[in-house]
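First, one chain by itself: the form predicted on its own, in structure tokens.
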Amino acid sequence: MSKSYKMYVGGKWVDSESGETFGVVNPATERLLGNVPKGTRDDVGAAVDAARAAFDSGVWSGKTPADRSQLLWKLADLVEENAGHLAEVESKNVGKTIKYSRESDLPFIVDNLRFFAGCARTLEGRSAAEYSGLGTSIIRREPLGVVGAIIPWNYPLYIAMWKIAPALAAGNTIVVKPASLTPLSLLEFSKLVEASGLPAGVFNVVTGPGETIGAELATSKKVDMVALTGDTATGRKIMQMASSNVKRVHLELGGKAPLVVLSDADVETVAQGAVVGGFWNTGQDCTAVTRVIAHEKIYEKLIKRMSEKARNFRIGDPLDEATDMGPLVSETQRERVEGFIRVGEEEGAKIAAGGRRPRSMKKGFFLEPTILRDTSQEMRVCREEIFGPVICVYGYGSLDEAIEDANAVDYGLAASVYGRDVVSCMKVANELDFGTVWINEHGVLVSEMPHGGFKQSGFGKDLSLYSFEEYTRVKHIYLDLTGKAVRPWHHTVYHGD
């Protein structure tokens, strides 16, 4: 049975001003999960006004860091207590497996909240000294004000927390826009925010189409920062709209992650790392392995082992503990991925594994994990973001050639290199033009380390203290210590009486 949801604005549960709703579908069953308000510009305005009033009143920013930390820690405890429910909601809404949602996403969400709860008590200026010789300079870090956060459909609560936790820890208030395909776990999380005792207006959620909600957040003069995780095309639009009032922009955008395989790499280790890194969340991840660039010495062996592992993936009901991979998020997304597979074949690639809809699945947006061999960096499948369970594999002769191919994309979010010689791996890692580079691993993230890309993968960092600083502004305060009316430098302006 489907549920009817409301938006969370100003500490209250509200319908859209228009009264309109839209349906949210389970991608594994194609059944309706719930109806959600279709927000309007007026709804965004009400949420922004609530956030603005909460910020200006100091009801949150005026609290001591210890008080903010305590409330965020309480919220983390509530999330931990309700992790099973949140994981199930997210699995049903996104199509990711319950084991992935419960054992990977939710523990990280709790950890991230607790990490930034701690950060709230570490915010400090970097210097206080008499640099001029006449007075003391002090650096303050202050909250920005109202943050608008736009969340993607692949990790609705996980990535939302990357914005929510540091923004609130720093003393900001926030308006969150979840993706229309997957808003349910964030709305369920909002119930926990209400239960935590967070002051009204500090946290708000508005659901609805991006061209309405996202655009209003980007252009509103009352919003001080807009933070987006999404595709690069959307990032460009947000930047353009935000330029109307020169607000701060934080963008984590697309990716086309390479996995560079050195000639001495262990084939089994690489094959395992590639399929895990390429097919988690059904490949719907901007850091997922999309290109395996393997030395020609082990190319054929690696193709064979990766294909065996791909064919061994258990595809099915995401709520089944035995399932390794669920469906894509929508029929539109599946058709997009299938289109890229066809394009790859037209360009000369060959399907080594997968490439079809599973015959056993009569309902749902399922697609087999796919390995494309005999690809090259000139092909569209190796240059453009597919965002599905497709890994392109191609060989190289010289390491310079491999590095050149790895970097020959518009994106620069994440990459990895595998090999036994750690010195060689480190040299390659230094040459890879990506914000995160893993060695003999792909995909590990921790709250303490930054995540963010180069080039058209955006700018700004999620996670870590670097992210915390993104949600603050730096103020210099100067205090004169001379106590005199006439200062030594005044004669350069005025000769005196």
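Throughout, we count residues from 1 along the sequence that is shown. Just so it is clear, the model here is predicted, and its values are computed rather than measured.
Unshown form predicted together with nicotinamide-adenine-dinucleotide; subsequent notes refer to it.
- Using a 4.5 angstroms heavy atom cutoff to nicotinamide-adenine-dinucleotide in the predicted bound form, all of A215, T229 and C286 count as contacting.
- From the list 191-199, 245-253, 268-276, 128-136, the contact stretch for nicotinamide-adenine-dinucleotide in the predicted bound form under a 4.5 Å heavy atom rule is 245-253.
- Taking the partner from elsewhere, P178 is found to have a heavy atom lying within 4.5 Å of nicotinamide-adenine-dinucleotide in the predicted bound form.
- Taking the partner from the other structure, nicotinamide-adenine-dinucleotide in the predicted bound form has no heavy atom within 4.5 Å of any heavy atom of V261.
- Residue contact check for E385: one or more of its heavy atoms lie within 4.5 Å of nicotinamide-adenine-dinucleotide in the predicted bound form.
- When nicotinamide-adenine-dinucleotide is considered in the predicted bound form, S424 lies well away from it, no heavy atom lying within 4.5 Å.
- Screening I341, A353, L413, M325 for any heavy atom within 4.5 Å of nicotinamide-adenine-dinucleotide in the predicted bound form leaves a single hit, L413.
- Proximity to nicotinamide-adenine-dinucleotide in the predicted bound form, defined as a heavy atom within 4.5 Å, holds among W153, Y299, W73, F313 only for W153.
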